[in-house]
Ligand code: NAD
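Only one chain comes next, encoded as structure tokens, the form predicted alone.
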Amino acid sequence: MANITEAEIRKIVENIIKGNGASAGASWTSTEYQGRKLLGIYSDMNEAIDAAEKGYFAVRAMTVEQREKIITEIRRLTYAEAPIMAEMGVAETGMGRVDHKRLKHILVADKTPGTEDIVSEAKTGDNGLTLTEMAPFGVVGAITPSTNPSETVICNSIGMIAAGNGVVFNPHPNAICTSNYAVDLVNRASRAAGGPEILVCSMDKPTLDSAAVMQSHPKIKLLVCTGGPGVVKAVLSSGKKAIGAGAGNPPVIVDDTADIKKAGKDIIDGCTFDNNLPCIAEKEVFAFRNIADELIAEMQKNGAYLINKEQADRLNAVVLEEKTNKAGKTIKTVSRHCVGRDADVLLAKIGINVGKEIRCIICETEFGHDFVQHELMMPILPIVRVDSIEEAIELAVKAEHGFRHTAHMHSKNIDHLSAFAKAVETTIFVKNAPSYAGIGFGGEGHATFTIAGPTGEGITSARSFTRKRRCVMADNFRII
């Protein structure tokens, strides 16, 4: 797989685009890749869970060193096959950028913690020794998104296997083939490293029904959901231990002490990374009035295209659709045909033709504008002028909607930085850097694509997928 040529990749993508990976002539489907059957893919969720349980029993019997060998092989294959998964992800979903998705896979391979994240604690005293260890849950049921499909599968698999679990995935229906390719990669890595051939499992046709079976199945001991508010709510209502990674609408504040040149570049770099698909990416800007013009100019130097109010209103009508909910109320939802699309593609929808050098669409808006209030997940960035740090913080906190996901700030004023961090209460707070520094890309700390704000685990890692067990030896084993 590592030796696949650029010409072969292009041919694969052509076939995918023609048949969306599901036609008879396509190079891959949700169960096969170039005629090779993918490992760990099932048509029945009950069978998938039974297979994942066997994987759990196998990994539970392994030494920590053996687990780490599997994880090392997962990292190696992820490096080798990152270009394939990046191409597949864009072709299947129509979202994001191939070059950025490749970087996301490399980030996962490099900075997802393995077995080193599993540590034991010992407490001794007059009454003996107590040992607390991080134990596996058993079989984990995981729901993964279309925005980061293979990246999330691989990241989750590394952490969950390091913790000693088996895993069954119910991927997003719009990214089945890409997700299942990643499942197969994990299983190939396990087999190559001497582990079980089936360690993680998935569905050939994931549905709400298969998710419901997973959520209620007695063998599933932990649920992990990376997705929108609806699926997270369902998982949290299951009655099982659940880790939920929900939506965000990250604001960024720029005050008049910031390095404006750097802030302009950092914000555009973060906002356009994989066309704004990551939930951590900058979604709206609150800029001090006295530096706003300079900030906009710097953004334009870095690939941003400034549209006026009339153009913003026309674009708004394209990227947001009006629908009627179950209560009969008209609501606005983000058009799935626009999510993760290139800036030039979005501009073309309102008759503006630009080249690929344009990475982002910027516009000045009022606070109540739809671009500020909705998480668009596309390279559109509204800018709201403010007169003080108090106004900036008040509006930014409101725009974040209490998701407590991610927020950003560009400033050299420690008091301003501290005040915003305390007020917004987000899981991630990035200062003076692009948003992706918050998950270890150009910043310190480990990486994850499951950022559990609703349930409080935060930047998840292997230890997040464990339960604590205590072993007590009374009156003995204290050697002091």
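In this text, residue numbers run from 1 along the sequence as written. Every value quoted in this text rests on a predicted model; they were computed, and no experiment measured them.
There is also a form predicted together with ligand NAD; it is not shown, and the following applies to it.
- Shown here without its partner, the chain carries G230, M377 and H405, all of which come within 4.5 Å of ligand NAD in the predicted complex through at least one heavy atom.
- Site annotation in the predicted complex: the residue of P382, G195, G246, G264 reaching within 4.5 Å of ligand NAD with a heavy atom is G246.
- In terms of contact with ligand NAD in the predicted complex, the residue from P145, G164, G114, G270 that brings a heavy atom within 4.5 Å is P145.
- Only one of 129-137, 70-78, 116-124, 147-155 places residue heavy atoms within 4.5 angstroms of ligand NAD in the predicted complex, namely 147-155.
- Contact between P171 and ligand NAD in the predicted complex is found at the 4.5 Å heavy atom cutoff.
- T178 falls outside the set of residues with a heavy atom inside 4.5 Å of ligand NAD in the predicted complex.
- Interface residue remark: Y33 is not counted as part of the site for ligand NAD in the predicted complex, having no heavy atom within 4.5 Å.
- Although the partner is absent from this view, S411 stays clear of ligand NAD in the predicted complex, with no non-hydrogen atom inside 4.5 angstroms.
- Residues F449, T450 of 415-450 are found to place at least one heavy atom within 4.5 Å of ligand NAD in the predicted complex.
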